[in-house]
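Take a look at this single chain, the form predicted alone, given in structure tokens.
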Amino acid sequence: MPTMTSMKSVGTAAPAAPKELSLHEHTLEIVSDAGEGAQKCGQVFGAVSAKMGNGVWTVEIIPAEIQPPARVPEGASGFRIRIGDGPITNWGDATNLVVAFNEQVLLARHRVDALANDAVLLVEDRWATHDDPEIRTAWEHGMDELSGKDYRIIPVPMEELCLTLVDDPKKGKNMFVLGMLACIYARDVSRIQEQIAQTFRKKSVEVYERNVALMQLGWDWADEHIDFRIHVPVQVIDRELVVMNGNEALGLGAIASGMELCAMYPITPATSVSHYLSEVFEKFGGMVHQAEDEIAAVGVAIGASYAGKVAFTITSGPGLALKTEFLGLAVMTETPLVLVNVQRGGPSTGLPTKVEQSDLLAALFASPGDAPHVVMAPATIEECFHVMITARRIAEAFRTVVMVLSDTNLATGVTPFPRPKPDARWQAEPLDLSPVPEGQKPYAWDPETGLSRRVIPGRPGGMFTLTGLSHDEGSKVAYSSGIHQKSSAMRSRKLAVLSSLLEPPTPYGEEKGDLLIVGWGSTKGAIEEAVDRARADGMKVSALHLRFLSPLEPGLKTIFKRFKKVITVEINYSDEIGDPHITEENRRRGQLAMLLRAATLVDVDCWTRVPGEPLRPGAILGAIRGRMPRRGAQ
């Protein structure tokens, strides 16, 4: 963003006519201590911007601790919003404008290079004259550290002004900041009021009116004291859009698919799916069951599914580990089950509030014995909706477990997408409760497909014994080598049948070239933006994004052979050649890279990072430049 003025030190200006900057896109952040409402402020601003017609992508900045100490960089809590005059698919590279409730949370963002060199920083100024000399000293040291960049720092008397309307400024600053931003970015006030009403719909009229008054207070202050305005043109919307985050999209997709039960145990960052469903699921005949632990949750879902209901369970990495034995039971009994895993950083409890893509191998292989099942990964918030419909249909049609791998970036990000048009075919078929034909066995596997007809309990003539032990077609416990070989083949063959129904993926860019970037999950937008920049610089680069990871989408080896080099870009860990003791032989590679190397026998390289935040397109572009084949290489 162009520098507003030559001013670099703390200060404000208020010319009669603010300078208006018209830009294709802009990125802003609101950061505070935990509990001060920065995220709610950002959510309202992002939703209003999307409803006005801007492209939007948001990312929550969440501290790892539930209640971290105040005024420490590690406790920074906030919201990042990237808005544009066209579709926005990722959070971008650097923030152009920040509103900070204190200098310590601002330092947290500065120290991870989240801010543009010429960013505008609007900072609560009460700390400069605080009664506590240690706080005043911390302010001075913070300002000294920030002075190393070309930031423009504008002090804002947030608390002083909020105290004119509320007794506790912590319950007012976020709405004051919302008003400031609404003025700077010319947001529609009526839409903001509507969004405030929606946000505080469970509160009293007095709460709503107080928040609107605080918002207006912030608008008025910015209108008088901020000497610039940011204009990001809105799009002409010719179709209905919805605005939601990925967890809401997963929940809405579950409803649209006809699912009837969500069994879960609270875990970050998956829990908000159940929060959403708890408000609306009963209206559509569904129920949310909070079990006593992760193991019980998946057991309830499997039991309900076995009885004929359409059930799913939702968790994150640690919960996936606890559910593993029950997943094996679902595979052995061929009970349909959808499991959603909203990935976070690991191992163990790891990074509860940070994004990572490190559960792929666990999702594929972390089950005792051979337990083939389907693994899918939505790449966008819109796909979070549709993946639930596809997952439910596959689970029931193939009598199998379907895992859906989302992640924190999708879970908490907000973006608009076209309103889905409900289709009756999304719903589950009515249960077949007719008598079971004489002689039909519960696992009468078709030797061509491995499929068998599902028998719902209660059907006349359909009684059989069900266990997790190896069994024959009649579900009788059987340990003979021949029967176990056959049953294993039948469970695996279903995935081959599904693979035969999939279409080969289409590269983003040219069908052949020097470098192919392969990704999965929420990295899609950042990868494709980086590829666009690389292609604009004349590089022959394309991208390929995978949604099916088990079975893998067909035709990958043929696609890979059209490029001189193939690398994956992932948010999980891989060793770097040149690090101590790391060689080509002992190097640990990215998880998708390992999978693709085994499946295609192509020498797939990787570039991975685990920063605890989404990948930036600029960083991926740097990796592209560093991985481009040398001229003449084959």
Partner chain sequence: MTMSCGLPILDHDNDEREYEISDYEGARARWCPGCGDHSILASVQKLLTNEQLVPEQTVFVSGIGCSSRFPHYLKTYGFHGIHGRALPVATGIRLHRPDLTVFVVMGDGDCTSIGAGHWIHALRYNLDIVVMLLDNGIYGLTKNQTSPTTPQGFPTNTQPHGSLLPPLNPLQVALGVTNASFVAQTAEWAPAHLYATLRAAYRHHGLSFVRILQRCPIYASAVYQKAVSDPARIALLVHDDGVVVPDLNKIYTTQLLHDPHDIDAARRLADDADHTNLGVFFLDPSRPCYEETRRVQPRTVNERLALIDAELDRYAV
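All of these numbers come straight from a predicted model, not from anything done at the bench. Positions refer to the first chain, counted from 1.
Quick note: we don't show the form predicted together with its partner chain, though the next part is all about it.
A.B. asks: Using a 4.5 Å cut on heavy atoms, which of G299, P551, G142, P507 is close to its partner chain in the model of the complex?
C.D. replies: Looking at G299, P551, G142, P507 one by one, just G299 meets the 4.5 Å heavy-atom criterion.
A.B. asks: Its partner chain isn't shown here, but in the model of the complex which of P372, P420, P352, P169 has a heavy atom within 4.5 Å of it?
C.D. replies: Filtering the options by heavy-atom distance leaves P420.
A.B. asks: Could you tell me which stretch in 155 to 163, 320 to 328, 182 to 190, 76 to 84 has residues with non-hydrogen atoms within 4.5 Å of its partner chain in the model of the complex?
C.D. replies: Selected stretch: 320 to 328.
A.B. asks: Closest heavy atom of E282 to its partner chain in the model of the complex, within 4.5 Å or not?
C.D. replies: Judged by the heavy-atom cut-off of 4.5 Å, E282 is in contact with its partner chain in the model of the complex.
A.B. asks: Given that the partner is absent here, does F365 sit within 4.5 Å of its partner chain in the model of the complex, heavy atoms only?
C.D. replies: No, F365 is distant from the partner.
A.B. asks: Counting only non-hydrogen atoms and a 4.5 angstroms cut-off, does P416 reach its partner chain in the model of the complex?
C.D. replies: Output for P416 is yes: heavy atoms within 4.5 Å of its partner chain.
A.B. asks: Is T333 close enough to its partner chain in the model of the complex to count, meaning some heavy atom within 4.5 Å?
C.D. replies: Close contact exists here: in the model of the complex, T333 approaches its partner chain to within 4.5 Å, heavy atoms only.
A.B. asks: Establish, in the model of the complex, whether K51, A256 and G458 all lie within 4.5 Å of its partner chain, using non-hydrogen atoms for the distance.
C.D. replies: Looking in the model of the complex, the three residues K51, A256 and G458 all sit within 4.5 Å of its partner chain (heavy atoms).
A.B. asks: Does anything in 194 to 219 come within 4.5 Å of its partner chain in the model of the complex by heavy atoms, and if so which residues, in order?
C.D. replies: Nothing in the stretch sits within 4.5 Å of the partner.
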